[in-house]
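Okay, so here's just one chain, in structure tokens, the form predicted on its own.
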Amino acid sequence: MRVRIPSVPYPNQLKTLTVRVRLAPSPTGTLHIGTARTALFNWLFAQKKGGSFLLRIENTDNERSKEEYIKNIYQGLQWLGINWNESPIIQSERVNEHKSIIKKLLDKGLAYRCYATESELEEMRENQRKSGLAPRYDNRNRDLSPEQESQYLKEGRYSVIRFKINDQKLITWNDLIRGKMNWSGKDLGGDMVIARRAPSNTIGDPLYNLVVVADDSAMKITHVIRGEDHIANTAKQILLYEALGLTPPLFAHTPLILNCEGKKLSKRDGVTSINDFKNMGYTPEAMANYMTLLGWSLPEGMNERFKISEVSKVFDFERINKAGAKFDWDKLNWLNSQVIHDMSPEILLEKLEPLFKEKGWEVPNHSWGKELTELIGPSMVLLNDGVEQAMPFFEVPVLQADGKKQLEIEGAKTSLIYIFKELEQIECSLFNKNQALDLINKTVKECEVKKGLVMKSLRAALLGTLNGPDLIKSWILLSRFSSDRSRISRFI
């Protein structure tokens, strides 16, 4: 027997549908980059087709689901610029509808109560392992006689509810990314549990595949766009759609995000949460840009740096790759640096000031802060780089090894003494580039040292190291913050 979704003449049929897509995250952790990429692809497709992007929180795992994770999901999507068109659906609020559907399957004889205990099932799996067989439920309780069921009830056994799967069925569908897909019923692991174990004559907590079908149908979802790790679930869900007399949506299975070793990106790889990327100093523009490139190929002539609003005009399934997409930190860092370098000093200051305040730093005035961002912005890759590079302008830096070595050179301290005395004659607020250059040249002449020695020694005294931004601009900023003189005086 064959269960089949009619072949989709893509893209013609899509033109006749009012597109409704969804993201259905489980709030058992923070928003993962894979989930965020799935959200982005759904959102882009909805934008392209003038449809709706919906959000459903699958919080039926009572032990692991947390309100804080729901909030994190909302905030992460909004941070990326992904907004939904209708109020989010909370799956746990639809449990009665889910149980009603399970009862319907029981009444039709398409599902049944399975009384096998965990120890019996483990014994079954152990025997399969010893025989070299793939683990699967052997459907032992599918056709219980009334006497057998009565005996189990007398023993006080609880039951799960299983949906009947015909091993002879071939499930097929036209995947919008992968083309024609075939899945045999015998490869689905036996009759599927659709409700957890519960006392007789009750229905336990409904499980994933059943509730997904129920909710997608209730939400009138037209396209289910999700990761390729759901392909087996798709085959099971198509069987449920058929059993319930429902029209299934169209399916598109995106490639997984892989680590540098070609394995699925996981928590063991370190940073995977959108919140982690945000805290590291990545911008939402760069993250959305990069995630789009994880599995989607650019149209010819399109620059790989873009805004997602631009991609929504050209996004299609034909450019989504079937192979997994390797995560490339260098590409992400480059994109992030480009976003930062294109920010105006005012916008960059706006991004950095909250980070400064977390460190207890106060920008003395807007003009000073703007000059600071103009100075450090071109060398920043992450927003957090701005904190590191701005530190010497707010705190007296520790003298690093290279700076210490520089100040031990003959003539270094003599030069600093001369500069310090000359600065006493200059009003801090009026100190400018010409005065700084004149003072350096005057020091070279009066102390009879090389200009390089003067500038390196001054840099070491002011910034603590020989590396860093433009010396003259740094000096002027520090002078306006009344800290250049005290820094120089430490070494004389």
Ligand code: GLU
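Quantities reported herein were computed from a predicted structural model and do not represent experimental measurements. Sequential numbering from 1, following the sequence displayed.
Beyond the structure shown, there is the form predicted in complex with ligand GLU, which is absent from this document and is the topic of what follows.
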In the predicted complex, which of the listed residues (334, 208, 79, 368) lies with a heavy atom within 4.5 Å of ligand GLU?
208
Select from the listed residues 47, 30, 26, 435 the one whose heavy atoms reach within 4.5 Å of ligand GLU in the predicted complex.
26
Within 4.5 Å, heavy atoms only, one stretch in 223 to 231, 296 to 304, 156 to 164, 125 to 133 touches ligand GLU in the predicted complex. Which?
223 to 231
Candidate spot 20, 55 and 215, all three in 4.5 Å heavy atom range of ligand GLU in the predicted complex?
no
